[in-house]
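For reference, the chain that follows is the form predicted alone, supplied as structure tokens.
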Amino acid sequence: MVLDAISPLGRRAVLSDTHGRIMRDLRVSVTDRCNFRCLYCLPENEEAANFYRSRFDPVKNPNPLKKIEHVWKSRADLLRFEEIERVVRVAASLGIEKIRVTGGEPLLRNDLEKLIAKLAVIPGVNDLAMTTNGFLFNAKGKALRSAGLRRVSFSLDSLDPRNFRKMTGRDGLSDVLAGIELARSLAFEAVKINAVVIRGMNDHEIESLAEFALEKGVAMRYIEFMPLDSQKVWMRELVVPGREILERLKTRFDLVPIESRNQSETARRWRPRTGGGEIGIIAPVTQPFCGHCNRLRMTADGKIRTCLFSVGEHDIRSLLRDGSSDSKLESRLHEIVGFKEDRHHIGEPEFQQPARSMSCIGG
């Protein structure tokens, strides 16, 4: 690993892996719990069972979904806000610039605005964002913005109330839409909408979701369906390739490519020739972007993941609780980054789906 590069802050060696990628982005999960049961993450409701049952061989696998008794992390297992702040402060001194707060559903963590306030003033953190399903955003949006949250992304996979329930396991579309409206009124630097596209479930809404986002002047992100569900029933044939999504959107909208100098950007982006808003496509399955990945993830219980699809995790919670110095924490982060994978292996014979679902990993 490269240890002689100097961070933009001029203090310590940046976090560089064995493939020459410098880490700039840290995703911080604050809880593994979620109040939704989305088809692509925690597909544990009757709607999900019916959907998958219609796509599995009824003889070989008549009941594709199993009953799962979740054991959520206890409060003692979760990192305290002070511990999260410490990790982010040390990581920022090593060149991390972007922090995204995730879950589970992050707004289930009490007093989240207090953590945001702590992170917002850390030197070197130039971008502080959050991803949420939006169901509770109306109650917290103003406090989060006042605390220093700069960007927010909402999960919105359907604009149809019945289909929304099928995908998320609950009736919450009106609450999410209200949250998006509130975010627009609070002058965030960016408001984004994320939709995971699943063939046969919500792919017929690709155009209507774009139309909604462009009318609102927000950024729309389409994400390919990935093998990160708790039931491990992901099927490649349910993936709608990014190229197909783009072809359909170009048929409806006059889109102009947005050039980016950021090689690590996950989305390929377009804007309408006239009007506001933006379209982005994130295609990790059919068009992997691993070669420029500069991202780390920290789970709510204090494990560092070097890839979304890592099969192993690296503990740092013990260092935060045994009196170890910041210097030791720095060394541990350098060591962990040295294990970062060159790529994920989706579609290859050796691919193994992570033991934890997306909810427990952090988006």
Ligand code: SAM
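One rule holds for the numbers: they count along the sequence shown, beginning at 1. Bear in mind that the values here come from a model prediction, so they are computed numbers and not experimental data.
There is also a form predicted in complex with the named molecule; it is not shown, and the following applies to it.
Although the partner is absent here, Cys41 is a contact residue: one of its heavy atoms lies within 4.5 angstroms of the named molecule in the predicted bound form. Although the partner is absent here, Phe225 is a contact residue: one of its heavy atoms lies within 4.5 angstroms of the named molecule in the predicted bound form. With a 4.5 Å cutoff on heavy atoms, Ala267 does not count as touching the named molecule in the predicted bound form; it lies far away. Using a 4.5 Å cutoff between non-hydrogen atoms, Asn194 counts as a contact of the named molecule in the predicted bound form. Annotated contacts: Gly103, Pro106 and Thr131 all touch the named molecule in the predicted bound form [non-hydrogen atom within 4.5 angstroms].
Per the 4.5 Å heavy atom criterion, the named molecule in the predicted bound form is contacted by stretch 132-140, the sole one of 75-83, 132-140, 204-212, 257-265.
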